[in-house]
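Given next, in structure tokens, is a single chain: the form predicted on its own.
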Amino acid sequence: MSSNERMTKITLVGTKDTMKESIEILHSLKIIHILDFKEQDDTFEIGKSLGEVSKFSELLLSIRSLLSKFDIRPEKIKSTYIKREISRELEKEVFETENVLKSYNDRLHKIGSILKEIDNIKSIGDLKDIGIKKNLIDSLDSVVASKSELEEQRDKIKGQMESKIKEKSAYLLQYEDFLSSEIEKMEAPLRFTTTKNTFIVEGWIPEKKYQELGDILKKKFGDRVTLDKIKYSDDESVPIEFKHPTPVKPFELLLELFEYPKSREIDPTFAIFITFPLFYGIMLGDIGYGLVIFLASLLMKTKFKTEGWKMILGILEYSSIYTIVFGFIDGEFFGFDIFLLLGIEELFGLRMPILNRIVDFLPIMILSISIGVIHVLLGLIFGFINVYRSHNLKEAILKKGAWIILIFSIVALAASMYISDILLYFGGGLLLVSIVLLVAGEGFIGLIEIFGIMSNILSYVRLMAIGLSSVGIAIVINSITMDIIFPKGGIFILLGYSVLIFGHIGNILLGILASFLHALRLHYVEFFTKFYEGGGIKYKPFGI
């Protein structure tokens, strides 16, 4: 059930005269996750940086200051740019740009200060009554009269500054890109082990890239650089690189917010891809709300280009689809009974709506608890597999199998009230077996934890509760508008539409936040605690 790239631990040893070219190759390939060397002795020590890192760092700081101050970002540049080599004039060009923009900024600040002072002069005519000389009053009149001229000058300088920013933006981004790469390469030896004549790089690469890297190094350096696989213990942290399909990728964010899985743990991302939007849709469950969130997510994707925003909006996009589906099941459109408004009583032989969240209180509660049983059970099954991989079958049965049997016994006992007394005896037998296994695996304290797992399952009632609060607010908004405001007519019609629009916008925002947080809680607290340890490290290739 692994969805991670298979990694190999490698060591690269070369003569010092090949170190700079080796760094260039590793940086261009972008495949090695370098392990920093830390323990020094008389033979092995940390390498020394290459080139003038301090000078490059100072220059990079100046460029980043300009990029930040004038909000220069790649997505704002219409023309494409590529990483360019550094020129001898780079430092001069950057500092000249910095000085020109600083000069424009200073002039704008001074003009702004003068305009502010002019606005503070309330009435020049009043100054005549306090004995101020006429030539001074004339001077002040002249200053006030120059306001429009100063505003024109301000706008002109702004235009010149924006033109200069536009002219230099692509170059500054190119330089920032280049310098970042150069500094990373210059500082690479600080992560290496070195002796008097050799350097050693230790790290992780995808297993499928091992042969490719070996061939490149062999062709370039012959026997002066060697690449070998090295064994590693099961306790070592192997870098994790996910290889999920595109629809699943946004849900990697939920693991990044929590912790990366260890290499031997089950990666739960695909399970989250199924269950997170499902929980979200059950709680919000409104066709209108789902459509608004879906369209807003698509629109915001065109505005927010960072990876984090893309993931969040991707999660909302998938969750909104489930919201629409459950809105159809519940028959809700902005809190209105859509099937009643359309006069539809049956669809495909089914009574519509299939569920009414206000009326069908008990069925929805049973559905919520049933989902809780399945979700917690899935977590325990994942936990069983994890323990089996790390230890053995006996340990897995005692640590996780006992809880799985316990849940099946509770389900059987509950079902016996509606189906058959046979399930009562079957469930009782399973309960006895689970208690014996719990005591054997965790001691008598395991019996106390039974209340904890029951609490976990009952926690899924929030799927019903959050949904009821959302639809309740929507119904109140509609009732106030339709029954109280609209009947008054006239100006109250406009007021009614305002209440509808802003009321539902507020409820949508509240629903987005509440549904997201509670779906997240059900995964982090009720689901992850059954199998997920975390503590893995993210694969970060040198050169990216």
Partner chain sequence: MAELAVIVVVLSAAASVILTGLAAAWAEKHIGSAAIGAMTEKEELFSKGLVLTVIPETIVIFGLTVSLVLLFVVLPQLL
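Residue numbers count along the first chain shown, from 1. What you see is a predicted model; the values in this text were computed from it and never measured.
This protein has a second form, the form predicted in complex with the partner chain, left out of what is shown; the following refers to that one.
query: At 4.5 angstroms, heavy atoms only, are S455, L520 and Y524 all close to the partner chain in the model of the complex?
result: Looking in the model of the complex, the three residues S455, L520 and Y524 all sit within 4.5 Å of the partner chain (heavy atoms).
Listed residue that, although the partner chain is not shown, lies within 4.5 Å of it in the model of the complex (heavy atoms), from F258, Y388, F270, Y104: The residue from F258, Y388, F270, Y104 that makes the contact is F258.
task: Answer with one of V373, L298, L468, V100: the residue that has a non-hydrogen atom within 4.5 Å of the partner chain in the model of the complex.
output: None of the others qualify; the residue that does is L468.
- prompt: the partner chain isn't shown here, but in the model of the complex, which of 183 to 191, 320 to 328, 418 to 426, 455 to 463 has heavy atoms within 4.5 Å of it?
  reply: Answer to the contact question: 455 to 463.
message: Against the partner chain in the model of the complex, would F361 count as a contact residue? Criterion: heavy atoms within 4.5 Å.
response: Yes, F361 sits close enough to the partner chain in the model of the complex that at least one of its heavy atoms falls within 4.5 Å.
- prompt: So in the model of the complex, does any heavy atom of M365 sit within 4.5 Å of the partner chain?
  reply: Judged by the heavy-atom cut-off of 4.5 Å, M365 is in contact with the partner chain in the model of the complex.
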